[in-house]
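A single chain, nothing else alongside it, follows as structure tokens in the form predicted on its own.
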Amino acid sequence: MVQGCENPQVDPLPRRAPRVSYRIADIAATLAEPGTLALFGFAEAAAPGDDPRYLQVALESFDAPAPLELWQVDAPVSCGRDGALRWSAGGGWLFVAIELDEREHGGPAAAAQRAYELLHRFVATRGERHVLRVWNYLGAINQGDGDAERYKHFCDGRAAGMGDFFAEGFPAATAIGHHGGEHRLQVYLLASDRAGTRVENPRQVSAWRYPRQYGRTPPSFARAMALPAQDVLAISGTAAVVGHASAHQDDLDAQLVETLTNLETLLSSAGMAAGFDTHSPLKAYVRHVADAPRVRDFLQQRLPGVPVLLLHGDICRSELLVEIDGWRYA
């Protein structure tokens, strides 16, 4: 246990999902707040000591200063480290993260396999064993042709490492390419002591059923996950994909429209009312720096008041220019 990671000052309330928000704040002060389960930075900043709840994500924010992403729960939080893993838990919720250097593990496939083996092994020891949501960030995601593409190697390794990790069904997930060190792999997850409900998009082929043209191993994720709390949807990385094919190549505006259509379809599939609001934070990953102002303007017009964290990241298909994920709170 790391000193300072246990906070008894929060009185547990009826089960609620972690509250996710973006804010401009001091890292140390935010970690000291009651119920802080995890905190993410998107700009280079001084590390806040050795607190396992803080992760410096290898993605650059288009906003200056860059906001922090905060997860908070209505319960005391404990945290610690287990080898390469960092973790925190409270109120039936579990955050676990791992960062590996691919060069120390034999490349992208072997590093992904090792990451998922370690995550699986750790989560299996916990009461919060139901993995609901996973984020994967790797460098140079589109480098290589055909089956030699780094993302496809990652998918191979992930499948080899997960074993029966997701025997009850795949979690919601995101996989994005960062522009930091090419060999840096980051994976983190949210798990619970209760299972969620998987949600698929009828406009899209389920990712694990993609045809062979997308690689030896299809991606392993659900389109969204309804959390085991009232009316909260964790939304996977969503882009301009219809059926299994990418749509509107080289047309940013059309891809954005198609992406929002897919997001609204997910809300409908989950039985939720249409639209996003000020309590439903989203992330928009933008491939080209020059496109960021247009993406920001589009989302402000179409989703007024919705918190959107705009990040520089490569989408897992090279023809896709933007991807959106996030949370929908009723």
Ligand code: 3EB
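This is a predicted model, so every value here is computed, not measured. One-based numbering along the sequence shown.
Unshown form predicted in complex with ligand 3EB; subsequent notes refer to it.
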Three-residue site A173, Y210 and P219 fully in contact with ligand 3EB in the model of the complex at 4.5 Å by heavy atom: yes
Exercise: Y151 in contact with ligand 3EB in the model of the complex, heavy atom 4.5 Å: yes
Exercise: G90 in contact with ligand 3EB in the model of the complex, heavy atom 4.5 Å: no
Partner proximity in the model of the complex: R86 to ligand 3EB, non-hydrogen atom cutoff 4.5 Å: no
Exercise: H130 in contact with ligand 3EB in the model of the complex, heavy atom 4.5 Å: no
Answer option from L185, A109, A75, V241, heavy atom within 4.5 Å of ligand 3EB in the model of the complex: V241
Of N136, N201, Q113, Q255, the one that lies within 4.5 Å of ligand 3EB in the model of the complex (heavy atoms): N136
Ligand 3EB in the model of the complex: contacting segment from 94-102, 67-75, 173-181, 192-200, heavy atom within 4.5 Å: 173-181
